[in-house]
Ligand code: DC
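Let's start with one chain on its own, the form predicted on its own, as structure tokens.
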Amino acid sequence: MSTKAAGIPVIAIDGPSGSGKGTIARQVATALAFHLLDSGALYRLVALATNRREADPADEENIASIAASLDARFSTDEYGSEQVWLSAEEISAELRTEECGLLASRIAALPKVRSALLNLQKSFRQVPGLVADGRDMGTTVFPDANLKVFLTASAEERAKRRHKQLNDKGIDVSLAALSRDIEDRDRRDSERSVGPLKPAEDARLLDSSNLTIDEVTLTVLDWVQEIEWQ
């Protein structure tokens, strides 16, 4: 990383699937007028590209090549919802399927894929600053982040949130099945050899189980105010 990039502030928000880190990162980025990196979406983009090319998800070399060639960017629509772009195509809806999420979790465990995406993730560090959410933003990608937050919630609460989210979209899924999927994903993310899901040693822990989105956002923004920016 260049000396110039190293001076650009970063807020890293990590946590397990369904913890709300994406929503919180988006709100914090909007409040601060910072850029946004949804690292989970990058892995979903790789998963989507893998499916579109009918590639073998076990072919690590090929998937890493797909990852290295991604042309991705993020934006926010007029309603405050995240938009994810692959080249000139807005593909947010396709990324949010359970199938895409499960494949992304498998792909994220491949060391060569994670290595291929590392430089892409670092490239999002641009003035005036970056809010990055994922599972290893504060430990691997931006270990020098000015603020590191590890956001979590109980597996039961995360399953309920996902269940409501899918029901609101007219997708009928089993709450019990979602709970099992979340527990399985947590185990895979925590046990993988590269970039495992865990809080950085200097991360601030925040349990959102009994907090509203606004309460969590305000807590993070309060922590931002405590930072002595360089």
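One-based numbering along the sequence shown. Take the two forms, superpose them, and find the largest set of C-alpha atoms that agree within 1.5 Å; that set is the rigid core. Just so we're clear, the structure is a prediction, and the values are computed from it rather than from any experiment.
Another form exists, predicted in complex with 2'-deoxycytidine-5'-monophosphate; not displayed. Remarks below refer to it.
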Query - Contact residue in the predicted complex, chosen from Arg158, Arg135, Lys148, Arg125 - any heavy atom within 4.5 Å of 2'-deoxycytidine-5'-monophosphate - result: Arg135
Report task. Sort through Ala104, Ala153, Val113, Val84 and report the residue having a heavy atom within 4.5 Å of 2'-deoxycytidine-5'-monophosphate in the predicted complex. Result -> Ala104
Requested in this report: Tell me, yes or no, whether Ser39 is in contact with 2'-deoxycytidine-5'-monophosphate in the predicted complex, where a contact means a heavy atom of each within 4.5 Å.
Outcome: yes
Report task. Would you please decide whether Arg185 lies within 4.5 angstroms of 2'-deoxycytidine-5'-monophosphate in the predicted complex, comparing each non-hydrogen atom pair? Result -> yes
Query raised in the report: Using heavy atoms and a 4.5 Å limit, would one call Ser17 a contact residue for 2'-deoxycytidine-5'-monophosphate in the predicted complex?
Result: yes
Query raised in the report: Heavy atom to heavy atom, is His163 within 4.5 Å of 2'-deoxycytidine-5'-monophosphate in the predicted complex?
Result: no
Query raised in the report: Pick from 198-206, 167-175, 63-71, 41-49: which stretch has non-hydrogen atoms within 4.5 Å of 2'-deoxycytidine-5'-monophosphate in the predicted complex?
Result: 41-49
Report task. Examine Glu82 after superposing the rigid core and state whether its CA is displaced by 2 Å or more between this form and the one not shown. Result -> yes
